[in-house]
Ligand code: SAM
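Heads up, the chain below is alone and in the form predicted alone; it's given as structure tokens.
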């Protein structure tokens, strides 16, 4: 039996590229976005009462990872990208129906718009449903996941003097906690786990409308080199 689904909204996110998005929600509290609801859900009636909720579940589509042929095994980044696991044992983006889920903070509710933080979704992500987080039901104190029992240990992030000034200037222009966003995301170490880059290799990613560039002066340390406006 086939079913058709349609988005209830589109997320406008600080993440313009898949690279450097945190691999789980809440790892970067400064990551913010706005969920723009689509008709008929852009009316106040659809969100009435949601102001009583601090967090929501988002069910969404991995719209840039949709595949015609389902995968039975995947290589999760958490395991270094070189070990296969059954798809249902992971949260890899390559899903049978392309569906993801994230619990995010709900900062503000307006008719037609939800303001969110702690997100891990790419800009333009279609959201299929929104559900309130219910603490007594959704938080299980004795839950176990032996593959991911704790968040990855962050790596140190150092700033070049000019890069930090640039980040602060763009933060004021954007009205966003840009320096915090950069630190929180880079501390998750977005490079593949098996990669040991040479010092001269420069990495880059776009947050909001700025390009961030960094390198690894040591394998377990990041230094931010520049933060430049790229509309």
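As the structure is a computational prediction, the values presented were derived from the model and not from experiment. Residue numbers count along the first chain shown, from 1.
We do not show the form predicted together with the named molecule, though everything after this point is about it.
Would you classify residue 117 as touching the named molecule in the predicted bound form, given a 4.5 Å non-hydrogen atom cut-off? Answer no; every heavy atom of residue 117 is more than 4.5 Å from the named molecule in the predicted bound form.
Using 4.5 Å between non-hydrogen atoms, is residue 64 touching the named molecule in the predicted bound form? Yes, residue 64 lies within 4.5 Å of the named molecule in the predicted bound form.
Mark residue 131 yes when one of its heavy atoms lies within 4.5 Å of a heavy atom of the named molecule in the predicted bound form, and no otherwise. So residue 131 does not count as contacting the named molecule.
Give a yes/no on whether residue 21 approaches the named molecule to within 4.5 Å in the predicted bound form, heavy atoms considered. Flag for residue 21 set to yes.
From the candidate stretches 131-139, 67-75, 144-152, 101-109, select the single one in contact with the named molecule in the predicted bound form, where contact means a heavy atom within 4.5 Å. Of the stretches listed, the one contacting the partner is 101-109.
Candidate site 60, 91 and 121: all three near the named molecule in the predicted bound form by heavy atom within 4.5 Å: Looking in the predicted bound form, the three residues 60, 91 and 121 all sit within 4.5 Å of the named molecule (heavy atoms).
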